[in-house]
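The data below hold one chain only, encoded as structure tokens and taken in the form predicted alone.
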């Protein structure tokens, strides 16, 4: 077997037996996936995936970055260049290359997720390596031809209750419309991601602003028209089931400018006269504006700051965004959020979920902030910390100040569809391990731990994302 049934549980026999009992309470609960980046096209068209490479390697930037770090090239891994619709690189050869280098992933979350997919989804229990590469590729390929491995059928097999994708403010959501109009009972909703019409440094920002004007029929040359355009797009997303927005800003900075100050700043931004400090001030003001809109329309606001995105300019120019070159950086929350929190932080209608790539802020800033401001909740260990040790550190650092009920459970934040059950399995096991240690130390009762385990695995995500 590739997976041990006691993976991630405590070594101590007493704590391990408690964790086993807790896990029985949550193992088969439905999956709520309230934030991620899977493609709604899959569920709208419900076409068979073609091969293991396109399903498991090319869309997964976790896999790409490890292989790149050892000298492999994106071209060799089938990643298409900006001027290509898709790479013509032979998929079997790419898989063989991946299998030959699979040892690189030892002790990484990627291998945990992959092994879970191999065993639980495809029924494989042989180790992946150069010798077994073709067996894997052929076996997975044969599986993917079957009806039960189409996207909707896998959604049901994974016991997913709800899955949220993420689309830009300019997306027409045609695939979400198609899903909603179909007879399928699966629930796939979108998340409003307006970065491409908020961030002046976003590639094509000015063109995007004018496309926003065209879609909404608003005069985006004025500050009021620009804000109205956002309100209209949010209304459109909400009409198709959206319950949350998402903001991937470089920092968590917020601002509270007057109407005239904001209008003047906006004019500088759209006429390309803003310097770097003014661009950052504009992003900061827009987080506050988005929070104001959330009070009005009820969207839960997610803030994902602290990533230096597309760190390698050459890779970005050739291959585009999201190719593994996003790097964590220091993030301030106490000072950065103060303008927004002074203005809106006590309004119980506002719900903001904070994420961070800077673990040093967990106990120093995030947990104390969420432990007092009613609008704030803490998102789970994210991205580079989406791992057994990262999740355990998160619980250890935030629980004493924020408790469990100022957190929002787990979200997988994935582009790789088959990894969803694997990631939720890891999260549930780690939370059960944490709770088991709490029970063994007589901090909480086992009956309380059972309740908490269910909250963390299922209920908190539903409540926090208004699902």
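Only a predicted model underlies this, so the values are computations on that prediction, with no experimental measurement involved. Residue numbers count along the first chain shown, from 1.
One more form of this protein exists, namely the form predicted together with a further copy of the same chain; it is left out here, but the text below deals with it.
In the model of the complex, residue 348 approaches a further copy of the same chain with a heavy atom inside 4.5 Å. When contacts are judged by a 4.5 Å heavy atom cut-off, residue 400 counts as touching a further copy of the same chain in the model of the complex.
Proximity of residue 458 to a further copy of the same chain in the model of the complex falls outside the 4.5 Å heavy atom cutoff. Residue 451 belongs to the set of residues with a heavy atom inside 4.5 Å of a further copy of the same chain in the model of the complex. The three marked residues, 8, 341 and 404, each reach a further copy of the same chain in the model of the complex, with a heavy atom inside 4.5 Å. You can rule out all but one of 130-138, 387-395, 166-174, 241-249: in the model of the complex, only 387-395 has residues with a heavy atom within 4.5 Å of a further copy of the same chain.
Note on contacts: among 359, 93, 261, 156, the single residue with a heavy atom within 4.5 Å of a further copy of the same chain in the model of the complex is 359. This chain is displayed alone, yet in the model of the complex one of 330, 88, 146, 273 has a heavy atom within 4.5 Å of a further copy of the same chain; that residue is 330. Using a 4.5 Å cut-off on any heavy atom, the residues of 302-340 that reach a further copy of the same chain in the model of the complex are, in sequence order, 308, 310, 311, 312, 313, 314, 315, 324, 325, 327, 328, 329, 330, 331, 332, 334, 335, 338.
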